[in-house]
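This document opens with one chain alone, in structure tokens, the form predicted on its own.
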């Protein structure tokens, strides 16, 4: 069974008298372990499609099954649970909390899990993820004390700390120079392997 199965997926936004068809009739299966890139020009619906896959938005038409479960019929709370346990997000803008250390930023998704992940376990898992992305020596640094590439590595560690089935990255190298972009893409390849 595919991890992601999308059939005739569409998303239309209404802006007054104008309808914008952001996603039109997408069909796609993604198997476990696959490394997939969604490419296209600016405005082609890539981010909208990613938001649907990440359970941040709902399609106007079509079906989306995540690990065999039709997510289009789930409640907001059920979708939030899926986002926290099944999906890791990496965004172009990093989305780190400014007055929070790298370690605390990575611990954040574990806090949303509630009392099931206690303080010592949260810290252990966050430290392990920061080590995995090469930032074991930067755990106490604030985002403004980190380079763009280091901030993106913190964002990747945060996305992976709950051991999600899926890692979604929406233009994860858009704010990085070419050398750092290659390093981040190499890190994704290593994680996929």
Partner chain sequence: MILITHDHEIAAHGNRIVQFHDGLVVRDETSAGERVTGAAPAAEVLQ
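All values derive from a computational prediction rather than experimental measurement. Residue numbers count along the first chain shown, from 1.
One more form of this protein, predicted together with the partner chain, exists but is not displayed; see below.
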Answer with one of 29, 67, 131, 163: the residue that has a non-hydrogen atom within 4.5 Å of the partner chain in the predicted complex.
-> 29
Decide whether residue 171 counts as a contact residue for the partner chain in the predicted complex under a heavy atom distance cut-off of 4.5 Å.
-> yes
Do residue 44 and the partner chain share at least one heavy atom pair within 4.5 Å in the predicted complex?
-> yes
Contact of residue 192 with the partner chain in the predicted complex (heavy atom, 4.5 Å) | yes
Within a 4.5 Å heavy atom cut-off, is residue 139 in contact with the partner chain in the predicted complex?
-> no
Heavy atom contacts to the partner chain in the predicted complex at 4.5 Å, residues of 21-39 in sequence order = 22, 23, 24, 25, 26, 27, 28, 29, 30, 34, 35, 36, 37, 38, 39
